[in-house]
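One chain comes next, on its own, written as structure tokens: the form predicted alone.
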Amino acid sequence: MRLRLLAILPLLALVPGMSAAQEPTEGVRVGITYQPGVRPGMLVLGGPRTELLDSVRTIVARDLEFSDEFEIITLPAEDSLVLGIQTAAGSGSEFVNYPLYGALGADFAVRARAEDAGVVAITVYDVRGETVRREFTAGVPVLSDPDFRMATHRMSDEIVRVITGTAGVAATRFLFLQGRRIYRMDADGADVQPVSPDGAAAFSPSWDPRGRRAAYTEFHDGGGYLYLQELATGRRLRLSFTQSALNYTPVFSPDGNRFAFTRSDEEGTDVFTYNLESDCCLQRLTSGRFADNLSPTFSPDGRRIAFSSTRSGLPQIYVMSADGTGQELFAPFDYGVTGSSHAPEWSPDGRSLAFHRDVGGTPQVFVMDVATRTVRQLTSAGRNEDPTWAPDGQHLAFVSDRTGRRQLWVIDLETGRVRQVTRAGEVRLPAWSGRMY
């Protein structure tokens, strides 16, 4: 849709205090080019300029773009001020210029305004229906508060929920390995912070179901030891049952009470579980004297565990009950043709399993439909590995070297849109948290 000056002037006349005969305010560009897509258009409205509100609007607009649910209509800041909610002269009543927003390609619009100290009010407008979809308020700390960005991400997720019925995934985080340390960052790639201490080599991070603790491996003193760390306080606990051998790829059960992990020692490489709630009951689930069994992942109901095993030759994806019984091949493959398969992870709804598999010697990300066991390839450019699910089950993050170095990327499984999240260093072994509410 190409909006020219003659087309938009009649709509500007609907703004209180402005007529078609008036010259546009200096510096305001009223002609824009907008190419609509299949997704509904979203306009983040301007308003009073404060540092906090400007930051909220910037973060919300980026979150809504990354939700892959909307086409974000981007306007320069001075344009968005004119397109903000106007107050009719002498009446004090607000005027929402729905025709103008619709002409810009918007199906929905969002406004943020300061309510009281520490409170931001959000209004979601249905432009086509010319009505308010919903209004809500949210507590927002000052900009310098470490919780400011996450509080704003939660607002973004609520906006997505109001429109689509399902919350967004802005209020989530990644854990990943860079160099020898574990780091965490927000889902939009900002606020990167170290988690594991400097010095010892760390490996294979994972989240607890509530996003408050991280589990990972540290290699030192001749072994690989599992640690639990509270992210808010930095308090660490070395798990006592990992005093010997190599212990790695820890993963929490959906209720957070159990642990599954890989242990390598003189008896082989096997999947074990441990009861964290009662601090007991180490259980070996596989027998690896003639095969390596590793990288466990719980199904969302906690009743099954998928894992990688070399029992058929090259590593492939298997599944078993959470007590180790009923072990069988899970992801189909052609013997002698299909490459090795690694790093399985169950989707949040339990309907899919993601993993990476060698294709012509290069790892690529695959997704398997659990019901039909149909496997489809998602990636092809570069090396792509270590997939991890967003809590909405619609987005999948993975590591790719398609731009030269291993970086974190996200794909929207519904549209196939791919975006790069990290741009510095080399990233490995990402883990996507649940929603942090």
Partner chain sequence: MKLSIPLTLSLGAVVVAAAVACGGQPAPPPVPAVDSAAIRDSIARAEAARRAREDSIRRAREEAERLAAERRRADSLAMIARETDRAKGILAEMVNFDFDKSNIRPGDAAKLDRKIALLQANPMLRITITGHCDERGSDEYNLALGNRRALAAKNYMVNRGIAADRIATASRGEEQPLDPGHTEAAWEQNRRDAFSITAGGDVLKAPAGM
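Numbering follows the first chain given and starts at 1. This is a predicted model, so every value here is computed, not measured.
Below, we turn to the form predicted together with its partner chain, even though it does not appear here.
Going by a heavy atom distance of 4.5 Å, is Asp279 a contact of its partner chain in the model of the complex?
Because no heavy atom of Asp279 falls inside 4.5 Å of its partner chain in the model of the complex, the answer is no.
Heavy atoms within 4.5 Å of its partner chain in the model of the complex: does Leu294 have any?
Leu294: contacts its partner chain in the model of the complex.
Do Glu65 and its partner chain share at least one heavy atom pair within 4.5 Å in the model of the complex?
Residue-level check for Glu65: no, no contact with its partner chain.
Can you tell me whether Leu353 touches its partner chain? I mean in the model of the complex, with a 4.5 angstroms heavy atom cut-off.
Output for Leu353 is no: heavy atoms all beyond 4.5 Å of its partner chain.
If we take heavy atoms and a 4.5 Å cut-off, which stretch out of 311-319, 185-193, 234-242, 136-144 is in contact with its partner chain in the model of the complex?
Single hit among the candidates: 311-319.
Which of these residues, Val127, Ala171, Ala343, Ala215, gets a heavy atom within 4.5 Å of its partner chain in the model of the complex?
By the 4.5 Å heavy-atom cutoff, the listed residue in contact is Ala343.
Check each of Val119, Val359, Ile72, Leu246 and return the one that places a heavy atom within 4.5 angstroms of its partner chain in the model of the complex.
Checked against the cut-off, the match is Leu246.
Within 4.5 Å of its partner chain in the model of the complex, which residues of 188-211 have a heavy atom? Give them in sequence order, or say none.
Only Phe203 sits within 4.5 Å of the partner.
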